[in-house]
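Let's start with one chain on its own, the form predicted on its own, as structure tokens.
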Amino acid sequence: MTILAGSGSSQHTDAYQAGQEAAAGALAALASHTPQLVIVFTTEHYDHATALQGIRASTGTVPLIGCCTGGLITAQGILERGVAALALCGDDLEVALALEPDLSTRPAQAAQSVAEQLEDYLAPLSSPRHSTALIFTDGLTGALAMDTAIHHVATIFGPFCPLIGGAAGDNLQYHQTSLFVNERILGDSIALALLTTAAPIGIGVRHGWQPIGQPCVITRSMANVIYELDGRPALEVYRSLFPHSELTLENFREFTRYHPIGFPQATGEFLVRLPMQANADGSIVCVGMLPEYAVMYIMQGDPVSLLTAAEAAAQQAMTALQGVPVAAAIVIDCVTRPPLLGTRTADEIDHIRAIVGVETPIIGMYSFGEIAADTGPVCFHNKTVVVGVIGKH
């Protein structure tokens, strides 16, 4: 049994042509083999239906999953505009797909439905084969809905089916995102691809943010809003830690791009949450659920720490293969990281490729939230990079 993979991309201005070229590039590496799965990422510059028609002109009816993104990670580099495809095939690779709408209005039910459609395809615990789920959500439906959905999918699939994926984005336009499963294109939805194979799959999760100052306790919160830290208004605590920053309701969001919050985890890594808004009452609205009475830190990072984290994520993923050669790599990177890396944005991907192999077929997306776990329960992450690698055999 051998896993074969190929990746391709196109920046052609015509949607159909871009889709066809990206898919043809991915298929070229497979020679005459028919893939079991094609993963597709696009940017918002294209009519998605037309791009998928172009992809189908190359792939036919091969199972397909993907979404629109805030940018593409490809073997040709980072593309702000384009279509990217990764094709996978293998002697024992099995793939099952599902797509469910209404994520924002019924996240638990949508997640339960999409997972139950694939539950029967999970590899038995006694089998030498194992299952991994690719998961994509609409990044504009709200972090609370995504958090809820991820929790329910993980509960149904259990601890022996790792999840890796991200929230669809649109290059920070915050207008509309779409998910793809075969010929279906939906917003406000959740998509799953269940991959079952004997080949190992490794996942690495890192972010590069470090705690500063003393820990705080969330003394009052609800869902994704922090009202009080150590009994004081949350914004007041931020202001006391950074007295020279002159934080206001207007500049708070820009400031927290460089100073998110982090919750210490048992693994030693922090779960990062991005504060998005400060309110007049001193409360702070974050991306993702927040545990009340949890200990948290305000974090900081710089290009060096973020690049080091990308290397560590790639190395963690490769270590999980236990020496098996890598067939393909998938990168889910937060859309907020390139502005922080600035001129070193391309270095992040170069560091990852240096570890997974510069000739390894690769596809990646800049996401509105990352979904994965290194150890322990799967989490919805902010400002994090996730690297997944698939072994050849």
Partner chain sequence: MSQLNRESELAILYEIASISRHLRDRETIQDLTLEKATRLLGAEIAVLYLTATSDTQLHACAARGIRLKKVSSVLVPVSPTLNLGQQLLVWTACHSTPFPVPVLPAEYPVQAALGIPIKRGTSLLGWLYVAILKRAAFDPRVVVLYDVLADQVSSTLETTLAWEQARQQQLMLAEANQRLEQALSAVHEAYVRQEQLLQTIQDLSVPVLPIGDQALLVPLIGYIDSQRAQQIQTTMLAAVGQQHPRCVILDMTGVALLDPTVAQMLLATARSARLLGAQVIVCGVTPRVAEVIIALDSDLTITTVSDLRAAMRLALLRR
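Here the structure is a predicted model, which is why all the values come from computation and not from measurement. Numbering follows the first chain given and starts at 1.
What follows is about the form predicted together with its partner chain, which we do not show.
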Point to revise | Non-hydrogen atom within 4.5 Å of its partner chain in the predicted bound form for each of Leu125, Leu271 and Ala294 | key: yes
Check your understanding: Which of 250-258, 79-87, 177-185, 210-218 has heavy atoms within 4.5 Å of its partner chain in the predicted bound form?
Key -> 210-218
Review point. Contact between Thr267 and its partner chain in the predicted bound form at 4.5 Å, heavy atoms?
Key: yes
Check your understanding: Is there a heavy atom of Ala154 no more than 4.5 Å from a heavy atom of its partner chain in the predicted bound form?
Key -> yes
**Study point:** 4.5 Å heavy atom contact, Ala15 and its partner chain in the predicted bound form
**Key:** no
Review point. So in the predicted bound form, does Glu116 come within 4.5 Å of its partner chain, heavy atom to heavy atom?
Key: yes
Check your understanding: So which of Gly231, Pro243, Pro159, Gly323 gets a non-hydrogen atom within 4.5 Å of its partner chain in the predicted bound form?
Key -> Pro159
